[in-house]
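As a starting point, one isolated chain is supplied in structure tokens, in the form predicted alone.
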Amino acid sequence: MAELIKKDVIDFYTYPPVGSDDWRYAFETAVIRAIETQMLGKATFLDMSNAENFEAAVDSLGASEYASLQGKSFSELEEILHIRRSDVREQFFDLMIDKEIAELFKSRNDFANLRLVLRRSLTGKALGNDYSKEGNVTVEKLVKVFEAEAEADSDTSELPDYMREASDEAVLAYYQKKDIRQIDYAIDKSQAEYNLRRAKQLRSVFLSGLFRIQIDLTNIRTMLRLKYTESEKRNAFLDGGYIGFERLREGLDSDYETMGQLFFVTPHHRIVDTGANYLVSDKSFLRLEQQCEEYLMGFLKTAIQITAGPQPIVAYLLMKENEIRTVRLILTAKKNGLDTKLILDRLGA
């Protein structure tokens, strides 16, 4: 076992390389340099977290681009944040010269929509129309394909190859045990494979590193959740990350106190160690999520320093989406009267 685990030793210290400059993006990178200065700092999130109540937390955003949230109801607030996220994504698509990369990131919404429509279709629920409109496939086309399945055989040939393959895998996985969770795993697996395949086709060192990091973080989450629920599953991990399956499976059989040591030769030691210890002491995955997020944001911050290229544009998109999620998370917690300590733990403060 030890010999097998050694095979996944990683050849970088903290983060993988982000690739070289691409001077076609000189202007677009300059735009990112200008707008990234408007992003919220940690001090603002701390002020929101320590605010007396929900209204005071919203007031903490008064000097930022989120000032329009003041005085709004929670439902209005959520809609404003949703629109802001859509605007950020639209800006990303406009700045991205390589439309293949833009389409790759749009496919995130295609996979999310497919997950939702399959869950509804396979369990006999109404398909609805509350899907993201920011994918490569229109909501109308997606619903039409799976509405047909209720009456006859669905014609998934109208969908892109990556969606058709994911759909086939998810349907097959679901019907093996009629377990709806298998839909999620099958789609996660298909999406990870598609991302890595497209990164290779695009010859992007940065995207390859990004997607492999995301796979690792997903697998670490899976490892700790399987262990916490005492699951017998051993084949729930996604392929293609930097961490080998043997190390993850060894983690399932380790004590929480020693899990971090198992990952000591990887850049993920702190994530596993901190997440496992907090899980034992507080019976919560809060610090695990915080550590995974911190590691990913750290990688993106190295990418955003590239002088010119698509890397800063992708990094800004993901960092801005994370900022919007964090604003919503804190305000939701304040609205529901969640203990400030839990919010701070989630932020890593």
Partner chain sequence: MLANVNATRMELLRLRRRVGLASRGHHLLSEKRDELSRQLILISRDIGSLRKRVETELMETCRRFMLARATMEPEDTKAALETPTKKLSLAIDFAKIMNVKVPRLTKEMAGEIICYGFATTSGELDVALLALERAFDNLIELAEKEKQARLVAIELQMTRRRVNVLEHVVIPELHETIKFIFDKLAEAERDNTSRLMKIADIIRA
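Positions refer to the first chain, counted from 1. These numbers come from a predicted model, not from an experiment.
A second form of this protein, the form predicted together with its partner chain, is not displayed here; the remarks below concern that form.
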query: Complete contact of R115, D184 and Y228 with its partner chain in the model of the complex (any heavy atom, 4.5 Å); finding: yes
query: Interface stretch in the model of the complex with its partner chain - options 158 to 166, 95 to 103, 245 to 253, 173 to 181, non-hydrogen atom within 4.5 Å; finding: 173 to 181
query: Contacting member of Q261, N277, T123, T138, with respect to its partner chain in the model of the complex [4.5 Å, heavy atom]; finding: T123
query: N50, Q70, S284, S64 - the one with a heavy atom within 4.5 Å of its partner chain in the model of the complex; finding: S284
query: Contact of R24 with its partner chain in the model of the complex (heavy atom, 4.5 Å); finding: no
query: Proximity of E193 to its partner chain in the model of the complex, heavy atoms at 4.5 Å; finding: no
query: Proximity of E76 to its partner chain in the model of the complex, heavy atoms at 4.5 Å; finding: no
query: Exercise: T14 in contact with its partner chain in the model of the complex, heavy atom 4.5 Å; finding: no
query: Contacts with its partner chain in the model of the complex - residues in 318 to 349 whose heavy atoms fall within 4.5 Å; finding: R325, R328, L329, T332, N336, L338, L342, R346
